[in-house]
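Below you will find one chain, with nothing else, as structure tokens; this is the form predicted alone, and questions on how it binds or moves follow later.
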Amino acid sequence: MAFNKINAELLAAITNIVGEDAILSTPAAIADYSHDETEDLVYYPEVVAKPKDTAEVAALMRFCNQNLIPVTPRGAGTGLAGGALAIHGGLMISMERFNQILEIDELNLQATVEPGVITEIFMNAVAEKGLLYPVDPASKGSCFIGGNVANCSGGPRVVKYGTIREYVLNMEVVLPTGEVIWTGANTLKYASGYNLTQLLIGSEGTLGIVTKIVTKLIPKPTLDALMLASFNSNEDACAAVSAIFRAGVVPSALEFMERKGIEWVIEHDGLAFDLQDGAEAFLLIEADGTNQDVIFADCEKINEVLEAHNCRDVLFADTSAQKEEIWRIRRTMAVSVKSNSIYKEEDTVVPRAALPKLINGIKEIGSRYGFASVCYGHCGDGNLHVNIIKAGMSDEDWNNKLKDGITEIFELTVSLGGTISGEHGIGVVQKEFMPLKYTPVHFAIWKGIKAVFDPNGILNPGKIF
């Protein structure tokens, strides 16, 4: 598809839709919209528009569809796969003005929220009413809930409470042709035709632009306990993960961290945290609920499993400050690694019991290619974030051979029953690896769906496939 550039006439028409104060068109003004958190990729849109309501989004989409202008939807720009990058230029539609929590329905345990609301602000608003929205990515303090929906984002508490797919009931969506639809119903059951809500979740802004989201809420647990377990090896820590569930316990969070990652957090943030000599891997384990006796019983079972898997030591956080410090280590690990070295981040996911083989294989591949890695992630879901560190690799090998090593990591992941991404999405950076997992039949189905929603291919082109 050949797209049109935005000339003065087209820009005037776009400006007429949203108003001059909602348009950015100079390189300096749009610089912040040319990148997200994906490594060092930079793509400038030609124009950024900031609509204020659904009618304006619909008008923009109708106009761009008629004039074959590519459109890139944009949330907070915290993505890690390049899904919100304007790789074909064109118009970027920023959803930052869609920042209202429209309703918290305490009777039905639901909320209606606009996509530009920061996830943590939404979580705190429902928590004030004794409710829980448990989808909390590491970037919850800055990411938008609309971006979470687009990327099917997760977070630590997915392990107990489920993914974002289980908390989105219905959405208002503007289609690429400008029509506005609701994808489903505000009900807990849905058996009325194809489930468009689930189809749109994780579609990375390629099928429509979400303008309202109806979420399910649950009662907020009132108590929790936090443990930090240390191990001599990555394999011992990862082997303990599946065993915890086999013992009949479902933690509210179960996170894996390598020693090097914690060292870099300490260095980056200046934390006064005592790392034991010889401890190479750590599990952060949280149990929550409303009955202290039940939580303690779960912790005792977990401790027995840890001891059986060569755990060195278990720290029980006994104050709120200590809990916050331990969680801070995990939540700031990504930015600490990023600030320390040239790196690339991959997002692997396998069945839980395969984690020891996955991490062992990642280290072996790195050894052969000459790169280091720092791994951490939501091990309770089998989701491991692999931060590949340049270390001693030459520039030539980093630029020319690293891709082969990453390919081997994904081949290993797929061979273990896993897939290419657990929560970061495919976007630009992962799409070349999709054929390692998916067949031409998959691609034909996806492209057919895309053509139905977006016949001119204008919405977020060049992403996923």
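None of these values were measured; they are calculated from a predicted model. Numbers follow the displayed sequence, beginning with 1.
Note that the form predicted together with a further copy of the same chain isn't included here; everything after this is about it.
- Each of Glu166, Thr187 and Phe245 comes within 4.5 Å of a further copy of the same chain in the predicted complex, counting any heavy atom.
- Residue contact check for Ala272: none of its heavy atoms lie within 4.5 Å of a further copy of the same chain in the predicted complex.
- Residue contact with a further copy of the same chain in the predicted complex: Gly405 places no heavy atom within 4.5 Å of it.
- Interface residue remark: Phe316 is not counted as part of the site for a further copy of the same chain in the predicted complex, having no heavy atom within 4.5 Å.
- Using a 4.5 Å cutoff between non-hydrogen atoms, Glu423 counts as a contact of a further copy of the same chain in the predicted complex.
- When you look in the predicted complex, the only residue of Val428, Leu412, Met434, Ile30 with a non-hydrogen atom within 4.5 Å of a further copy of the same chain is Met434.
- None of Leu207, Ile87, Met123, Cys311 but one reaches within 4.5 angstroms of a further copy of the same chain in the predicted complex through a heavy atom, and that residue is Leu207.
- Listed stretches are 224 to 232, 346 to 354, 279 to 287, 365 to 373; the contact stretch with a further copy of the same chain in the predicted complex is 346 to 354, by a heavy atom cutoff of 4.5 Å.
- Looking at 377 to 414, the residues that come within 4.5 Å of a further copy of the same chain in the predicted complex, counting any heavy atom, are His378, Gly380, Asp381, Asn383.
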